[in-house]
Structures are given as C-alpha cells and as structure tokens.
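Below sits a lone chain in structure tokens, taken as the form predicted alone.
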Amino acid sequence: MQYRMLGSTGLRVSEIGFGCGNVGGLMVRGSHDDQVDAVRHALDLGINYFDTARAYGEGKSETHLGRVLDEVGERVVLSTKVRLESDALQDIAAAAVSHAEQGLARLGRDSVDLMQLHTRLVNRRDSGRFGMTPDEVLGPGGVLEGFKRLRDQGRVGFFGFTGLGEVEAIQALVDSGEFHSFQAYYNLLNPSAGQPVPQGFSALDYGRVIDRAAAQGMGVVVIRVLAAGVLSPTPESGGGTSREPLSAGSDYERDVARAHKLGFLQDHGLESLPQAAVRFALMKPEVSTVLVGFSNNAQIDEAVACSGADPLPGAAMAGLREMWDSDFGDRS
C-alpha cells in the first residue's frame, strides 16, 4: 500500500480508502462477522482511511463501523459526515454541532479526524431538492461556525465537504480556504473534476475543481470511482438505495450504456474495468485517496492491487480522450 498526505492536514492516508456507504454496502447490510473480517483484512493490506456517514443506512454504518473498530482495536484515520435539511435553517451552526455529536455517539467516539458536510450545495435555493448556499455554509451562524466550535472542543481535527451540487457553489467553498478537504466526483465516465472535457459535455462539468482545491492545500478524496457500481462486472448490484442521479448528466442507465463502450481498456493489458477506474483516479497526484465501497474481501484485494501500479498506458488514455471528446460517441 502506498500513502499520500491529505492536503496540508498532516494526515497520512492510504491511497485506497474503505467506503462504508450504500454502494458495496458491507458496513450497512453485512453481518457483524463479515464486517470484522473485512476490516481486519483491509487493515492487514494497509488501508487506514475509513469513511462513513449518518446517511448510510440511517446511521447503521456509523454504528457498525464503531463497533468493529472497537473490536479490532487499531487506530485509523476516521471520517464521518453530517447531512443537514431544511429544519436546520433556524440555527445552522447549532444543527451542525448536534448532528455531528449524534454521529460521534453512534461511532462510540469522543472525536474523529475529519467531519464533512454531506449536504448538496446550490447557488440559491428553489422549490426543488434541498441544498445549502455558500453563505449558509461560510457565513455567520453557518455550518463552518459549527465545525469550528467542534474543533475548539477537540471533537474534530479537520473539516471538509462533499463536492456535489452546483459547480459555482462548490468552487466558492473551495476558494474560501476554510476547508481542509473535499470529496470529488471523479471517474472514467465523468472526469471533468480533474481532466478537460469539451464544451457541451453532457455530464456536469466540474471545471477541474480538483486542481483548484489542491492549489488551496486541500486534500482530495475521490468518490464514486466506480460510478455507483456501473464500472464493475455486475453493475446492477452496485447502485445503492436510489437511482436518483448523484451528479447531473450521470444517471444510471446512461452510465451503464457508456460503461459498455470502455471494453477497449482491457485490450491494453488492464485486468478489469474496476482496476482501470481506480488506477485512473490514482494517476492524478492531487488526489489523496480513492474511496471504494466493498461487498467482500476479493473486492478489497482488487482495489489494493491498484496502489502503486503503473499509470494507464498512453494508448488507453488516448482512447479515453476520444471517448470524452466525442461525448461517448454522442457527438459527431
């Protein structure tokens, strides 16, 4: 296992992170014995970064992970997240503190290394899906104030956010210089957080926000590297609990169709599409760690094998560039 720094935090994290969410779902739906076995196996292979949230199984992931870590008794770099909804708007900072404290209680921990905002970010709120504006996060009485209270109390070491929602709002949080890390949606089907894509690219263009964050000294945690399981041998098993698009222009059915067009990667000596996906993400030096959701130990082995592996061959990257530039063949 190779390790990288999480931005300027001083935290040294494994290139492969253990995602404890609905995709893979082991820490949500697995038996306790299977969870303990998988965490021990991951630790033996050098994984030291574990990411959970209340949103994963309505708190089950936090509860299960906390119990398992107590049982195995090893120190890890631990991250959890708070997702605020409209009822938090009366006192956002207090709500952030309360939700974080509830997460710590489920984990059975006095503190965590990283606390992250899990709420979608928007430029302005409308009557659609709830999101928080940069002012509500950064301004007086906002999420950031709550996180700083927690830091002052020794409950969290650092704080970050999930970079989903509207790009201008994500960029505003990055540019603020107030956060230590962010989670970047970055994969073979939508590489725009770290690679140039053509104007009119049908998936959301994140404007190479990974580079923008790294320039601020932020750690970058890649999420959805397998596009909710689409870039796995059995995509129908990996989508989690909802088919609602996580990122605009990246709905499940479209991603499945596009994934089928990536078979050429195995013609370039790549053992599998999941390994190609993880190796692609790790090629970007600004990336600190790549989160992968696991169902079993074989998937852990496959992901860990990507750490320290060679970059994707030039011919494979050229084929990917053709795919992106043509919008996966949808553009003449």
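Numbers for residues come from their place in the sequence shown, where the first is 1. Note that the structure is a prediction, hence the values are computed from the model and not measured.
If you look for the form predicted in complex with a small molecule, you will not find it shown, but the lines that follow are about it.
Using a 4.5 angstroms heavy atom cutoff to the small molecule in the predicted complex, none of 193, 280 and 323 count as contacting. Between the small molecule and the residues 57, 274, 66, 30, the one pair within 4.5 Å by heavy atoms in the predicted complex involves 274. For the options 173, 223, 82, 210, the residue carrying a heavy atom within 4.5 angstroms of the small molecule in the predicted complex is 223. Per the 4.5 Å heavy atom criterion, the small molecule in the predicted complex is contacted by stretch 289-297, the sole one of 32-40, 289-297, 262-270, 66-74.
The closest heavy atom approach of residue 23 to the small molecule in the predicted complex falls within 4.5 Å. Residue contact with the small molecule in the predicted complex: residue 183 places a heavy atom within 4.5 Å of it. Though the partner is left out of this view, residue 62 does not reach within 4.5 Å of the small molecule in the predicted complex, counting heavy atoms only. At the 4.5 Å threshold, heavy atoms of residue 229 reach the small molecule in the predicted complex.
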